[in-house]
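Presented as structure tokens, the chain that follows is alone, the form predicted alone.
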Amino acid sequence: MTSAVEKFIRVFGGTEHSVLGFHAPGRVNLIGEYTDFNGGPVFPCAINRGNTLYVRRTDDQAIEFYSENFPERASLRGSGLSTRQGDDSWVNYPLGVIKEFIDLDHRIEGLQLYYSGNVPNGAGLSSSASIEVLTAFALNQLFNGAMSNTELAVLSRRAENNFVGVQCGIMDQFAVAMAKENHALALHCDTLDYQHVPLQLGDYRIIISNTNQRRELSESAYNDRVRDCNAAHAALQPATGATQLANVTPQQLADNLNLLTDPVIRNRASHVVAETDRVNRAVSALNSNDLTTFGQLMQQSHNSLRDLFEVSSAPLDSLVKHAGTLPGVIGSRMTGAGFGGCTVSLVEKDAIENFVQTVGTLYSKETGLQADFYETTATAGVRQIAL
């Protein structure tokens, strides 16, 4: 037995018989923030941190939930499988997925679920989407759901929107479900058209820097940004015919700025339209092995998220600022929903040690916080694993 299965047995009893294992990565978005729920393109890759689920079917009707990362346990059955737990309960993420399966007339019962993971919670690396897709993939295998990974991603997003209550776009769940090793994922969130783009970074590496900033009211602020963008689209749609805000071209926005009388709404729209263009240019740059342009677009993205979309924070800005002063760094930006969380940087491999030491020291002096740094590679998406 593996140590993981031994831990499972200590929690749930029994033997290793019939225990199955599944894994889903987290993700980092290289560029393209707040474009996803606006129907625009994004450019994430899966990372070598994620969540693992060990599961066993039982003859009981209860579904038992356990996580190594949270103290709360739960055992639910019947109507409890359709009832949201406390607002801060981690159980809502897998539970929302289970409810989606039940709503599709799948009979889901008799499970012991043991989660473990090393994606920092609340860091903008999609720990929640990882748990959702992981649960959906496992249920699909265990109960012969016959859904594709794309369908599982859409189901998982629906669970987060409708059950958890966060109006996220499709990027996080889609990246976790569809990622390919050593590739980034160029995804158009409106149509779900996508391509796997080889991550040919040469001597450069992807470094994730975690602010370890406590995020406050990020869920509420995220939903506020959704409403702002919806308001911008509603104002622009009659003049542009755009079906979603990200479909507005830069020229159309420039010609119709007078329709956006609220400066906040104007700024939100300006970010989404420009960020959509940046993603398309960034994918082309990476396909052409033009890392310099790619890095410049990353910096422009951060500036826009800071100034126009107002989702950055002083700790995030500090990390990006200090990264930009160092040799061997060609691009750095916040990644994820913001209000704390992480930055993503492209750093020359021989400069990584200096990057971690210098940025970490300057960041600590400026903010009083200690940053964590993770070198990551692009990994495969959700999958079953051998035990």
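Remember, predicted model here, so these are calculated numbers, not experimental data. Residue numbers here begin at 1 and follow the sequence given.
Another form exists, predicted together with alpha-D-galactopyranose (GLA); not displayed. Remarks below refer to it.
Only one of 63-71, 356-364, 30-38, 342-350 lies within 4.5 Å of alpha-D-galactopyranose (GLA) in the predicted bound form by heavy atoms, and it is 30-38. Taking Trp90, Tyr222, Tyr115, Phe101 one by one, only a single residue has any non-hydrogen atom within 4.5 Å of alpha-D-galactopyranose (GLA) in the predicted bound form, and it is Tyr222. Checked against alpha-D-galactopyranose (GLA) in the predicted bound form, the candidates Gly336, Gly331, Pro44, Gly50 yield a single residue with a heavy atom inside 4.5 Å, and that residue is Gly336. Using a 4.5 angstroms threshold between heavy atoms, Met171 counts as touching alpha-D-galactopyranose (GLA) in the predicted bound form. Residues of 251-284 placing a heavy atom within 4.5 Å of alpha-D-galactopyranose (GLA) in the predicted bound form: none.
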